[in-house]
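Here you get one chain, nothing else, as structure tokens; it is the form predicted alone.
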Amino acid sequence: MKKEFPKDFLWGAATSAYQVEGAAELDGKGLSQQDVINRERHEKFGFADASIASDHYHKYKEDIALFKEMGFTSYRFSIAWTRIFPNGDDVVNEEGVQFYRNLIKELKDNGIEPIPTLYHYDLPWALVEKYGGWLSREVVKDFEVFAKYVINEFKDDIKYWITINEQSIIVQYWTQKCYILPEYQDNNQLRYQINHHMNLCQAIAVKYAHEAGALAGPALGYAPVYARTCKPEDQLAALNANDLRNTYYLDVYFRGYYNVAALTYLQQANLAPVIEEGDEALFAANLSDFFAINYYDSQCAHACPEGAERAWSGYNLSGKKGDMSGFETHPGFYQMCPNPELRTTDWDWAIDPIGLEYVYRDLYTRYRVPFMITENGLGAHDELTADGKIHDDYRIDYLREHIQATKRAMDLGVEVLGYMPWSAIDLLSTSNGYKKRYGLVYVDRTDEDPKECQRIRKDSFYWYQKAIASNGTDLD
């Protein structure tokens, strides 16, 4: 293995606006659907809401100083739609724009490449009230106004734009990632209709990024799918799952059309989106330049009988191993299942660094585009000790093994631009509040009490600092 990463390799970490910023209704910002969703989850489960989160809005300079101390050369974040357009229309909130001007300037003044995401789950609540949000094709017009404005506003400072975050996860967990009115929640065709509207928005964002002289690509929650056994029917089930859960999205981004087998299955199951004339031409004319991979785990599938009941991806709310609520099932196509060969996190997520190497190799063969890691991390119950320390060796082990997997793939010719794990600081977990932590920096708050959101360096902070300083050669 070649020892060092390339000299221009981007080292950093990632966050998203509603999960770190707080200030949910300050300085002209409008409510997003995530503000509303997390308020409801706070009432139902006791998790923190997004009103304060990690208070990055007021502490961004302190946070960027910590990023510089770690040695970051990149930072992946998102721009809150409702901080720019509070009502999702064309009326600009100047204070919101100024916040991102200040943030981007602070990053660049500290030698850190800003890598913004246009959309990370936080659709304006006003658009949910107006026409159901992503359920309506009307959203494409409003997203275009937002994307065009933001890309043009920051075109002199941004080289890489990430368009839309984790469309496949939105399909699987649509009521957590979108506000879906109860009367629509039994209509599963709408999951794929929402995704189609997002594909249109993604292509439009690529168009404007290219016009601004920048590169653009999606961030997809990507997990390879292994067969449960060597039985041919399980191998075919894994192929089916990979087509519907992965290449159904990637083929649009990088080839300009839907994966044929997956779309055919959706049509047969009455789940396919309504596709209008010209939609795929828009995709084909605006292909992405790179793939931003959000990689946490791998998945496993086996054959599923025709008579099975359709089910969608489950989740673990407790952080106790074994509390996964269920697994996705598509009758006659595939059924997801645990992989007995892999250890898991407390939230039942498989830990599989070799799976990341597999992803790089497989997708570089398929699409021949460069990659960047924009999420990769271990959610855990971190303990703040009496002397103010956080000993997270489990996170260090996880990150080390995934960085090593990245380097092995690169040594076989795969092009990887950078590594930005999740997350730079502790933040509001989409599904588990502050009980589930990912950060390199501890944020001293609980779900019940935001306190002062004091920043405390974890052991992983110092380890990552050393890894970056050595350009990936010192991972001990």
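When you see a residue number, it is the position in the sequence shown, counting from 1. Quick caveat, the model's predicted, so the values are computed rather than measured.
Another form, the form predicted in complex with 6-O-phosphono-beta-D-galactopyranose, is not on view; read the next lines as being about it.
Colleague: Based on heavy atom distances of at most 4.5 Å to 6-O-phosphono-beta-D-galactopyranose in the model of the complex, which listed stretch, 25-33, 412-420, 428-436, 444-452, is the contact stretch?
Modeller: That would be 428-436.
Colleague: May I ask you to choose, among Gln299, Asn294, Thr117, Thr406, the residue with a heavy atom within 4.5 Å of 6-O-phosphono-beta-D-galactopyranose in the model of the complex?
Modeller: The residue from Gln299, Asn294, Thr117, Thr406 that makes the contact is Asn294.
Colleague: Heavy atom within 4.5 Å of 6-O-phosphono-beta-D-galactopyranose in the model of the complex: which of Tyr367, Trp349, Tyr315, Tyr265 fits that? Just give me the one.
Modeller: It is Trp349 that has a heavy atom within 4.5 Å of the partner.
Colleague: Does Asp392 reach 6-O-phosphono-beta-D-galactopyranose in the model of the complex, with heavy atoms at most 4.5 Å apart?
Modeller: No.
Colleague: Taking 6-O-phosphono-beta-D-galactopyranose as it sits in the model of the complex, is Tyr121 in contact with it (heavy atom to heavy atom, 4.5 Å or less)?
Modeller: Tyr121: yes, in contact with 6-O-phosphono-beta-D-galactopyranose in the model of the complex.
Colleague: If we define contact as a non-hydrogen atom of the residue within 4.5 angstroms of the partner, is Glu166 a contact of 6-O-phosphono-beta-D-galactopyranose in the model of the complex?
Modeller: Flag for Glu166 set to yes.
Colleague: Taking heavy atoms and a 4.5 Å cut-off, does Glu375 contact 6-O-phosphono-beta-D-galactopyranose in the model of the complex?
Modeller: Residue-level check for Glu375: yes, a contact with 6-O-phosphono-beta-D-galactopyranose.
Colleague: Taking only heavy atoms into account, state which residues of 13-33 are within 4.5 Å of 6-O-phosphono-beta-D-galactopyranose in the model of the complex, ordered by sequence.
Modeller: The stretch 13-33, when checked against 6-O-phosphono-beta-D-galactopyranose in the model of the complex, contributes only Gln19 at the 4.5 Å heavy-atom cut-off.
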